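A single chain, nothing else alongside it, follows as structure tokens in the form predicted on its own.
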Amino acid sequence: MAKPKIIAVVGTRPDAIKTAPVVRELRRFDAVETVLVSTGQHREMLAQALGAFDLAPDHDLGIMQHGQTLADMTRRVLEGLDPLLASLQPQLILAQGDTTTTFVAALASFYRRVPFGHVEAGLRTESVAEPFPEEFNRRAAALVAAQHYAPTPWAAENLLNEGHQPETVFVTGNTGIDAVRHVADQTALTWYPDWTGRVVVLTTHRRENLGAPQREIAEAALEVARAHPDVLLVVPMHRNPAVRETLVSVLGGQERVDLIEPPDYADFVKLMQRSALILTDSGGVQEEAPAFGVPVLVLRHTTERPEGVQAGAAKLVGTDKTSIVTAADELLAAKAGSRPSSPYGDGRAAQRIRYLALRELGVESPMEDMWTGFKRLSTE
């Protein structure tokens, strides 16, 4: 009798990072076959991220084309993924988060009537248009999910409030914490060993911040560096030419500012560990930095990850120059003390998802005490 087959679909670097621990965990069990499929949405960065976990795609759809629109991408992922599902005939499909790849994987699962498991389910903002298009993608994926793997009780509550059946909603923790801990332990790189001062990291790439907001962000970061002589500002520049043009025009050639190419995932993890403060509009960094006790200023007006804000690990500051500078100055001037712990999990999310996914297929696997201390809802 053939083994049950699980397909894990990834398309971007965050997809790869947060799905890799799940694939590695599933492959510990011979009772199922786990197939890793890449759509190639962010091909080069995805390959680098998977390499940090000694993984490579079993199938690569290679859909990325220069200048393609969201509609082009959606069409090409569906046209590539649907015949592959017909050929492989999986019993369960997994995808994470809120990328176009995840939305289309959910849609293809629905069309093929294959159960879909949504990793990092339940994140929400107040508007379906912000962040764009991610908020729509995750809401749409939730509509067809057979299992919702919520990273926190807050995310689980969102799903239950939307009417999803309680028996399909599980608090697992965030697989990004599994990933960042694994890589931190495996990588020995030390950033700026000769710099005795502090490192502040800036990452910015979101569509809604392009143009004037991004210039405000860059100018704020420069002012912060100038105000603190012991600070080295490190800026990994996104590959988007529009992002680079703004960053270079404001920060290029400035004293104690290092504009660098995007590091591989493993190297970026070590850069986060080296940091005293991170300014970012990234969702993943909001989760990862608190795992090392590094405070985060979120360069957005809304966040689908409010747990970090509530725990004091992050602060929502938007893109106004004055707001960013004021918040950064306060954190950099504060005396060293206890740092808030991460609200995003304990590094065992992949184990919980493995148990739930295999149970969905009727396959027993060790449960152990992996839910000890985990609440289903924040009111418990």
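Numbering starts at 1 and runs along the sequence shown. Only a predicted model underlies this, so the values are computations on that prediction, with no experimental measurement involved.
The discussion below concerns the form predicted together with a small molecule, not included here.
In the predicted complex, the small molecule lies farther than 4.5 Å from every heavy atom of residue 140.
Shown alone here, residue 70 lies within 4.5 Å of the small molecule in the predicted complex, counting heavy atoms only.
In the predicted complex, the small molecule lies within 4.5 Å of some heavy atom of residue 238. Looking at residue 41, you'd find a heavy atom of it within 4.5 angstroms of the small molecule in the predicted complex. Per the 4.5 Å heavy atom criterion, the small molecule in the predicted complex is contacted by stretch 93 to 101, the sole one of 93 to 101, 143 to 151, 80 to 88, 223 to 231.
With the partner omitted here, the residue from 306, 213, 133, 115 that has a non-hydrogen atom within 4.5 angstroms of the small molecule in the predicted complex is 133. A single residue from the set 325, 316, 64, 32 has any heavy atom within 4.5 angstroms of the small molecule in the predicted complex; that residue is 64. When contacts are defined as a non-hydrogen atom within 4.5 Å, none of 19, 50 and 181 contacts the small molecule in the predicted complex.
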